[in-house]
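Next comes just one chain, in structure tokens: the form predicted alone.
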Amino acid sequence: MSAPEVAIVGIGIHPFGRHDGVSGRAMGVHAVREALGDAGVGWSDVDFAFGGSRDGGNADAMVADLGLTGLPFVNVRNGCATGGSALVAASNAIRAGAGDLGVVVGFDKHAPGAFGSDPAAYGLGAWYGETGLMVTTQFFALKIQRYMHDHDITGAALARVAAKAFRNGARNPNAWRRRPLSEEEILAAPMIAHPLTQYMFCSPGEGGVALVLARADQASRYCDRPVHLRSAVIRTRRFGSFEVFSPGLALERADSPSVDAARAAFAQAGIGPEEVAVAQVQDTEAGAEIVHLAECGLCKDGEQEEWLARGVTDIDGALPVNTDGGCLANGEPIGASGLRQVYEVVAQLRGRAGERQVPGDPRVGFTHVYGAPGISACTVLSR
């Protein structure tokens, strides 16, 4: 007997941004209740749950708010791939026959300023932090500097990515940054780490997202337009790949975990990158979106400059990317960020994304999240 297929039948979100007096757990509970309502089910109908947060507390504590039903609830913590990891686990649980209906939730509530990371937690010596290398702005600047040099990408392309993000965020009622910024404003902003200015970086934030997963052959019980989760894949770094918190660089370069995760996701789904109609890729900063488009096989290296100039990745372009504003407009609550991407693609494939809806009835979507210390999670979704 073949394993059952998986569908997403409910989605819920707590707006991203800053919410004084609201705990991370409360944001997660809000998102779960909204997702359950979207699927037309109650918490007592759920067979299992997976969820995670970096700074917002234990996800399993939400049972005190949602209901003490005794269901298995597994906490997940895997950096920026926390949400993606929880989704992979829930999908695998359904495919393995562990239940027919599951919830995936991610939330976070980070303090203002840069993420605080302990070198020891990543197997690094104290010297790594003492020399300032735990500040990720430096890593991302170095990575995009090299990529721009190798593939003739200009600073104008970086500004176009950020301007698109804020333009899309202005159409998203759940986004944090909802004021459009011009390319000129973005380029003129203070330089944080060359060539990336202030408005080319995302910020740690707050928010929550939840999904309800079901066996695909039962999905019509819960919604009129289920979205099939064709694949959900996680990969870690290889020797020779240059990633966040790398203490050195090998002489020979290897593919990033994003390359491996995207290839595996498309292979598992039986769907090629050329079939994608809407995509979400990690944009911790503007350069990341440019690099990840190529690493995920959505374009060729160096093609991004011309794509951005022509508006290919705009909402009405040939391949809309980060239609909800991405991390740049939404900020990054780590536990929720990867699930926000899936939430957005599901909304787009359902045709219910409001002012930011991609035209042409999109049928295939892709998501990609990346984080320290070199881990990536990708999904392929379809109607």
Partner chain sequence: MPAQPVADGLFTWPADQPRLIGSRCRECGVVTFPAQRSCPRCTSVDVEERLLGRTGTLYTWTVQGFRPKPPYAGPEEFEPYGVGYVELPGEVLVETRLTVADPDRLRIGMAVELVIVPFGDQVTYAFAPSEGDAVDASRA
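In this text, all values refer to a predicted model and were calculated from it rather than measured experimentally. Residue numbers count along the first chain shown, from 1.
The form predicted together with its partner chain is left out here; the points below concern that form.
Using a 4.5 Å cutoff between non-hydrogen atoms, residue 307 does not count as a contact of its partner chain in the predicted complex. Of the heavy atoms in residue 252, some are within 4.5 Å of its partner chain in the predicted complex. Of the heavy atoms in residue 180, none are within 4.5 Å of its partner chain in the predicted complex. Proximity of residue 119 to its partner chain in the predicted complex: non-hydrogen atoms within 4.5 Å are present.
Not one of 73, 89 and 215 places a heavy atom within 4.5 Å of its partner chain in the predicted complex. Heavy atoms within 4.5 Å of its partner chain in the predicted complex are found in one stretch of 152-160, 238-246, 91-99, 308-316, which is 238-246. Taking a 4.5 Å heavy atom cutoff to its partner chain in the predicted complex, the contact residue among 226, 297, 79, 129 is 129. Shown here without its partner chain, the chain has 132, 133, 135, 137, 138, 141, 142, 145, 146, 149 in 132-159 lying with a heavy atom within 4.5 Å of that partner in the predicted complex.
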